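Encoded as structure tokens, the following chain is the form predicted on its own, with no partner shown.
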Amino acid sequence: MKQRGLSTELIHRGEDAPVRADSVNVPIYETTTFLFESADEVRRYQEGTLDKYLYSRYANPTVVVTEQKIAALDRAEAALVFASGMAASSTLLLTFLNPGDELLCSAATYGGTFHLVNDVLTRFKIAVRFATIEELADPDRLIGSRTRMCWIESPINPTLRCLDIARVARACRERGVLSVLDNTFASPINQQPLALGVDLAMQSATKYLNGHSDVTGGAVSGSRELLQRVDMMRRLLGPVMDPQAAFALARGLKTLPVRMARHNASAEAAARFLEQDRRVIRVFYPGLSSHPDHEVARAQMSGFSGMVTFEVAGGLEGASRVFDRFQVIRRATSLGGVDSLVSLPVLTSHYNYGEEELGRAGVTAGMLRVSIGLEDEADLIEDLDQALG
């Protein structure tokens, strides 16, 4: 063979070298496609008799390792990751719902989920029925002949109300309805949805799973049979996570247990401080005995997470005054990172909700939602104190 040209050498030199397997961390396979030795290899891959990778929209080694870690956390047979939490949600919904089906959804849910099912899903002739927390306490009466999926959160954004997950899951299973739980606010460290009987656990990996506010992602865990169906839809829709993001997510997962222990402890301390402060109307934290669902939370959670919501007088104007005075806690949306963040739900997660919709979700204009990070506990409480004025 004649000597190759410079362009060919630059493109191919070293690309066929075997990957060393003694790295502490999984390598980032930042590639769109993978090599085959022969047509026979391609045929065997397509037949499922050759364990190999074809194309990163289908599967990628870095992404697969991250999925295996999440499956282990959720005690699931399988898990899949996505480019965002909303990508995970939309793929799930489009996998299992068809025109004429009904989705039963908690009225108190993340704003993105609400608008996805209310504004988008209904365009495909899928009926959506919203149920309040009180109605979901008796799920047997809610499930109808057209209901194919039940979508719930617990704890719920931003009120941190908690549903009896096992009861909802049992009612769904007895009627052949698929149950999905958004476990973002709890994380697998504090709550195990599949062990409580839920079919599929969904999470925004942007939050606690990654934990550093530098990755956008979503995750779904469940049985291998259900996840195979979701995987086929993911391949068609294309919302796969990039290998670089998967690498950062896998790195964040390694510290999840120790991070959640700190989030849990500091959030409980902050909640107890706020509960005793007369400048605060109400505090929402499942770990407080005053929380309406405290006993439910105790029965199904091993920790109460790092989210604290509280309400002050004066509606949005009063909440905005407190919001503007924070010095340690930072003004930003999202949650679950090492930095403590504060947001105003009516201007972020529940923006563009009508008054009736806010009422059904239990959200008021005077609410502030705080994601307690990993800063010194005393500094956080001092900042809450001075922000209240």
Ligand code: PLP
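Throughout, we count residues from 1 along the sequence that is shown. Keep in mind it's a predicted model, so treat the numbers as computed, not measured.
What follows is about the form predicted in complex with pyridoxal-5'-phosphate, which we do not show.
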query: Partner-proximal stretch of 230-238, 286-294, 182-190, 272-280 relative to pyridoxal-5'-phosphate in the predicted complex, 4.5 angstroms, heavy atom; finding: 182-190
query: Residue contact check: N210 to pyridoxal-5'-phosphate in the predicted complex, 4.5 Å heavy atom; finding: no
query: Contact of M86 with pyridoxal-5'-phosphate in the predicted complex (heavy atom, 4.5 Å); finding: yes
query: Close approach of Y110 to pyridoxal-5'-phosphate in the predicted complex, 4.5 Å, heavy atom; finding: yes
query: Interface membership of G217, pyridoxal-5'-phosphate in the predicted complex, 4.5 Å heavy atom rule; finding: yes
query: Candidate spot T91, D101 and M149, all three touching pyridoxal-5'-phosphate in the predicted complex (heavy atom, 4.5 Å); finding: no
query: Of V312, A267, M202, A79, the one that lies within 4.5 Å of pyridoxal-5'-phosphate in the predicted complex (heavy atoms); finding: M202
query: Contact assignment for pyridoxal-5'-phosphate in the predicted complex, among T159, T206, S221, S106, heavy atom within 4.5 Å; finding: T206
query: Residues within 4.5 Å of pyridoxal-5'-phosphate in the predicted complex, restricted to 138-167 and counted by heavy atom; finding: E153
